[in-house]
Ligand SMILES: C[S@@+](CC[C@H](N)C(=O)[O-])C[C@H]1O[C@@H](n2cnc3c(N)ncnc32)[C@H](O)[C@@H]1O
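This document starts with one chain, in the form predicted alone, laid out as structure tokens.
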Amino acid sequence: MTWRHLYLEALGRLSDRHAARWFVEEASGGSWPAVLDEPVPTRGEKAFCSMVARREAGEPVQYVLGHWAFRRLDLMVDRRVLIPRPETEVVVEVALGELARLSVPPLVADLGTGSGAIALSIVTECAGAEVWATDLSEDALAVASANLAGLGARAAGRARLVHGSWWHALPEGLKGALDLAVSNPPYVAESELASLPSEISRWEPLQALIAGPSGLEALRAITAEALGWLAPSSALVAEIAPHQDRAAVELAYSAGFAEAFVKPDLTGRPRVLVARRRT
């Protein structure tokens, strides 16, 4: 039996050529399409069949593979953390744009880091940046720690993972010193849970998705204390749901930010809150 046989079998069962190809590459360790006519070892067949069965049961492809691409990174992901998405890649792009205004290596906090996607992208793409990444979930921090270890000593030395809720996880010495705070907080309202795709509601960690009755609870908590931690001319960048754009801007102004606006994601929908403090 060759990998081509298994690919065609998976294609028939899943009706998803991308997943079928990814599972072949993952199980074989080979490159596409060169691997297709190679014989399948017993261990590879078992791994492949397990992945196909998990996908048939509804498990997201990213969790089945155990890793997923995010900007320049290949991140370990499992059910302990949210799946990194293109919308959050835009959050990183906006955050890097805010950091480009600075003339010194910046000090950054990533609140609710999850897999570490945002924090590690900033460490990787912003020379000299020092990032403190927080999360209330010890399980999520374990995943972020594994991803941090994969960066190599030089980059990993500029990131710290700390356990706790939002700002409360950070050392007091950082108050008034942060050049940027960035977050992808929970922003789904409790009433919206039933409308989420089953791949999300059944598999991804609800504590990282559901903010509370309004969906704005996490963002409210972050904006309310932000100015006590941010340095002059600094900014807060946060992912939001598209329908929350006006409310998010109002929260930022209510917290004392001098400027607040929302930038779009790749589909043109309002997605990233930018709130800047006075100089």
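Numbers follow the displayed sequence, beginning with 1. Everything numeric in this text was worked out from a predicted model, so none of it was measured.
Although it is not shown, the form predicted together with the ligand is what the next lines describe.
The stretch in contact with the ligand in the predicted bound form, judged by heavy atoms within 4.5 Å, is 76-84, chosen from 150-158, 95-103, 76-84, 195-203. Residues Ser137, Pro185 and Ala208 are all found to lie within 4.5 Å of the ligand in the predicted bound form, as judged by heavy atom distances. In the predicted bound form, Ile118 approaches the ligand with a heavy atom inside 4.5 Å. A residue is said to contact a partner when one of its heavy atoms sits within 4.5 Å of a partner heavy atom; Ser165 meets this definition for the ligand in the predicted bound form.
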